[in-house]
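Only one chain is included here, represented as structure tokens and corresponding to the form predicted on its own.
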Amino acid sequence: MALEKQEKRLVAEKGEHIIARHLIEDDHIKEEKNLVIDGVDVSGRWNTFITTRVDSEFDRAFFQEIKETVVGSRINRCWQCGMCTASCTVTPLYRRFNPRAFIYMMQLGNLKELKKYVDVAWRCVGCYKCSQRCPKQVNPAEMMEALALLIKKYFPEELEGKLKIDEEVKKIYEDMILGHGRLDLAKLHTSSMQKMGKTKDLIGKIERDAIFKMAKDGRAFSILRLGKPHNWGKSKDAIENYLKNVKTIENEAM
């Protein structure tokens, strides 16, 4: 049985060796799983071809809307080097989250393609590694912010329901920051797992090992001793004003 599985696995999955495979639809990949030419087995990856794709449904008004936002004003500078995606901390977790590809779609005004990624296009965590390393100062992190705001306007039906859990987790995140000036990572993680229906995983081996490690090196106890940041009142006011402005922009986009 094991030998049979191994023999079957010798034939690669369709297009699995293509870089950024998730950006190419199955219908555009042509390859034969069993093909012998002049006595040489070229099955799978050895005969892979990507057919020409012609897109004509572009919306330049969408591109202009991105360009006129403060955070998306540098979109024309992008030359598609891929440094943003290579630096991204989210891409390894969500392979479909590809800042380089999203910026390209925005440059073309290709709403048809962007619509396929509404479930992940907003997942930027704002670490700004991409913006620090971008050779053209495009500021991809803020480009992702502009995209996240506008997909709510252009694809409200697709977003409904998909973001419910994440919005609830976001609310927990905001409450922690505004209430204590810091994140309680343990509480945030626990709440997130509960919202996703993974409460049982909280008592699994991975979680137990993590708790034991934090207790052993002292991190668990040091977190309990943390107080609010210095002059937290002024910082809190600034954050609340920012959140009000963001919500105003989101409502206007809707």
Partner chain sequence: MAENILVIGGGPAGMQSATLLADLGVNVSLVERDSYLGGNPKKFKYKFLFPDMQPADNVIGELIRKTETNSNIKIYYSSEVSDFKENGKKFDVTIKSPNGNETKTFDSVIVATGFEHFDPARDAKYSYQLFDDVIDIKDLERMFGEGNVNRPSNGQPPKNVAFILCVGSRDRHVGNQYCSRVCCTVSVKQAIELREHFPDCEVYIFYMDIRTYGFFEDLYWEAMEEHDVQIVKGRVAEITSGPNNTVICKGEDTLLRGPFEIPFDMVVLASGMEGGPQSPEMAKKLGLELDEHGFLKPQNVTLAPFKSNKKGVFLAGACTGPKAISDSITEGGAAAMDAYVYAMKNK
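Keep in mind it's a predicted model, so treat the numbers as computed, not measured. Numbering follows the first chain given and starts at 1.
Same protein, other form: the form predicted together with the partner chain, not shown, and the subject of what follows.
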| property | result |
| --- | --- |
| In the predicted complex, the one of V118, C134, L111, I75 near the partner chain [non-hydrogen atom within 4.5 angstroms] | C134 |
| The partner chain contact at I151 in the predicted complex, heavy atom, 4.5 Å | no |
| Contact flag, M106 vs the partner chain in the predicted complex, heavy atom cut 4.5 Å | no |
| Sequence-ordered list of residues in 61 to 88 near the partner chain in the predicted complex, where near means a heavy atom within 4.5 Å | R77, W79, Q80, C81, G82, M83, T85, A86, S87, C88 |
